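A lone chain, given as structure tokens: the form predicted alone.
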Amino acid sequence: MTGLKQQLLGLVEQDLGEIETALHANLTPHLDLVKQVAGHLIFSGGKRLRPLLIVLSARICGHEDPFIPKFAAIFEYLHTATLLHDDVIDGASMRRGKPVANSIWGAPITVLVGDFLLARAMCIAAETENPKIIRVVSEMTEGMSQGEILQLMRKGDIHFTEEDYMTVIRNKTGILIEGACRTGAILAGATSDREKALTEYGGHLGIVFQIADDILDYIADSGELGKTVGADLREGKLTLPVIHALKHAEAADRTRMEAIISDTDFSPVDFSELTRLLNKYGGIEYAQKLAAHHVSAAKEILADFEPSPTRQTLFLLADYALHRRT
């Protein structure tokens, strides 16, 4: 995995540098406090996947333009806004190895800074003067909100199904990654076939990233995660490994799993027992196989594009999405 990550970073180093410059240059709040709160998360080691996908999607369609890194910053601002809001809603304590913003500045300031980032993203989108771009960005924002609401409505629900889970992750994670690929193609003036193909690639990639995140909650330590181990479960979020194991568990084991899940103050011993049961009933393995299926589907879509360094980078991103440890 380290080799794959280093190979990928070597291919996109210049792009990441331009994206980082654009993130700093285009934040532009009137109040220094807003920049402080937003920067606490934006500049705390994010992978820049979403803005990078815009750059690569435009490039694979033959388009390079100095405006693209600025436009790409939209997606990091949108993503950061959702994380700021999520941490308030979920009562989280850590994000990317640091205390959450609301534990430092309070919930009201944090929520309002998230709102600022949403508005800043829309202002940059409007600079394109392209109604299609503005509509896509607006629809993404709407979809992400509805995904969060659905997850909140079903918090702690042991009857949360795989279909429910897929609906949530397509809206909370998939829609932003899908939209990044789609808007990159639109900015490039790509044909409808190419726009559709890159949109589908992004949709598969978004699913892989979220499933991989959910697997990491059970196989990584807090240092790798940058958040407390078992945080999703404490917040009442049933993810794919748990959903699958619950569905296939024998009665006694299911009862024990439900008891651990319903106790938001479960112990490390309880969490280890739950992880053992997830493995016993194939929950983690099933999630890994489903994510691998979406990696293959994403790569298959790219096969219709001409061989190029950009296509190879997008292939590597699909592999990285599944196998990363952070």
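In case it trips you up, residue 1 is the first one in the sequence shown, and so on. Predicted model, so just to flag it, every value in this text is computed and none were measured.
If you look for the form predicted in complex with another copy of the chain, you will not find it shown, but the lines that follow are about it.
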property: Of Asp193, Glu139, Glu163, Glu250, the one that lies within 4.5 Å of another copy of the chain in the model of the complex (heavy atoms); result: Glu139
property: Residue among Ala292, Ile284, Leu277, Val34 with a heavy atom within 4.5 Å of another copy of the chain in the model of the complex; result: Val34
property: Partner contact for His85 in the model of the complex: another copy of the chain, 4.5 angstroms, heavy atom; result: yes
property: Touches another copy of the chain in the model of the complex: Ala231 (any heavy atom, 4.5 Å); result: no
property: Exercise: Val113 in contact with another copy of the chain in the model of the complex, heavy atom 4.5 Å; result: yes
property: Another copy of the chain contact at Glu127 in the model of the complex, heavy atom, 4.5 Å; result: yes
property: 4.5 Å heavy atom contact with another copy of the chain in the model of the complex for all of Ala220, Leu302 and Pro309; result: no
property: Candidate stretches 176 to 184, 146 to 154, 194 to 202, 209 to 217 - the one whose heavy atoms come within 4.5 Å of another copy of the chain in the model of the complex; result: 146 to 154
property: Contact set, 263 to 286 vs another copy of the chain in the model of the complex - heavy atom within 4.5 angstroms; result: none
